[in-house]
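Shown below, as structure tokens, is a lone chain in the form predicted on its own; questions about how it binds or moves come after it.
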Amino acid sequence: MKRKKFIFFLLLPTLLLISFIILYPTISGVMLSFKNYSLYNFQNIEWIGFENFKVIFFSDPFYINTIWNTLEWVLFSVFFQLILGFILALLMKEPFKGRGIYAGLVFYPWAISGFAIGLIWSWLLNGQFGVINDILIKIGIIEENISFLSDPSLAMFSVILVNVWYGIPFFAIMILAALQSVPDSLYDAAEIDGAGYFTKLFNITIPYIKPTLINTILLRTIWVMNFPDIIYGMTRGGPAGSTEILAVKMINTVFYESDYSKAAAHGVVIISILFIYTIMYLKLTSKREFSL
């Protein structure tokens, strides 16, 4: 009993800090979504029930499109980050000359702010003076500039492409660490039995690192859905809302409408979607074998 109390008091400062940093803002945000708090209404703040949710779901004709943009953003970003990160981790596993320098260059983008990455790529993909257009014209792939970020049909593709590039190092780091824990004796035994590369990959490597893959996909999905940095740095949700995801819409609601309660309602929607997704994902992965 004394040992349990000692452990509890050791953990108490951490629990209080987590409560202050995470739980308090979350609860406050949920409560705010049921009020009429805005920049123009500081004195008559009151409970209005589900009015903010009625407004965003039934009065905003573009809200369904925003939810679709969010699903598209998360699905394609995480899928290609996983595939390319997995391939990169497999390549990085084998020792080669200059491996440390190469790894540093590959993982470097992950150390830079997402918003800064968005700004840099917005300049590179600029439809008038962007470097990408200049290079493509000089090598003869295109004849005139492409409006990567101002064309609604290309804007979402462009921001997803940048996000995939930005997120590959995260998957590569996590998967590489897991690959290094796979015993070489398993591969040696498989080679004696005549197993080829893909046989070893799908019957030894992937099953062995399955827990890492499951947890990494879950964490990355939550992260990407709450990650407006790149989009806000590149398009701010435009053009015509073609790249506006829920997290970006929440920011735009604060900056352009000054409606904090409505923005909080968007946040509650994000939390609810992620909560449902997490429960379903964990139940699905706990019952079925995971495979690529």
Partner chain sequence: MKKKFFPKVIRIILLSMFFIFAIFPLYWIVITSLKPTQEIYSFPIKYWTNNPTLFGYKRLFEFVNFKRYFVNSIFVSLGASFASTIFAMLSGYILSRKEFKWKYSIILFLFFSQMIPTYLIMVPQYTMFSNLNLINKLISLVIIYSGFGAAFSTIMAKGFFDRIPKSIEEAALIDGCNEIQSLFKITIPLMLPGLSAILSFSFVNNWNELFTAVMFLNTSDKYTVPVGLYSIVSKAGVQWNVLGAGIVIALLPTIIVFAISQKYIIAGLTQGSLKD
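Owing to the predicted nature of the structure, the values given are computational and were not obtained by experimental measurement. Numbering follows the first chain given and starts at 1. Take the two forms, superpose them, and find the largest set of C-alpha atoms that agree within 1.5 Å; that set is the rigid core.
Beyond the structure shown, there is the form predicted in complex with its partner chain, which is absent from this document and is the topic of what follows.
The candidate spot formed by 70, 142 and 214 lies out of contact with its partner chain in the model of the complex, as no residue has a heavy atom within 4.5 Å of it. Only one of the listed residues (79, 157, 123, 208) places a non-hydrogen atom within 4.5 angstroms of its partner chain in the model of the complex, and that residue is 123.
Although the partner is absent here, residue 284 sits far enough away that none of its heavy atoms falls within 4.5 Å of its partner chain in the model of the complex.
The shortest heavy atom separation between residue 103 and its partner chain in the model of the complex is within 4.5 Å. Heavy atoms of residue 22 reach within 4.5 Å of its partner chain in the model of the complex, making it an interface residue. Contact annotation: residue 254 falls within 4.5 Å of its partner chain in the model of the complex, judged by heavy atom distances. In sequence order, 84, 87, 88, 90, 91, 92, 93, 94, 95, 96, 100, 102, 103 are the residues of 81-103 having a heavy atom within 4.5 Å of its partner chain in the model of the complex; the partner itself is omitted from this view. Put the two forms on the same core and the Cα of residue 276 is off by less than 2 Å between the shown form and the other one.
Superposition of the core reveals a Cα shift of less than 2 Å for residue 111 between the shown form and the other one. Once the cores line up, the CA of residue 184 ends up less than 2 angstroms apart between the shown form and the other one.
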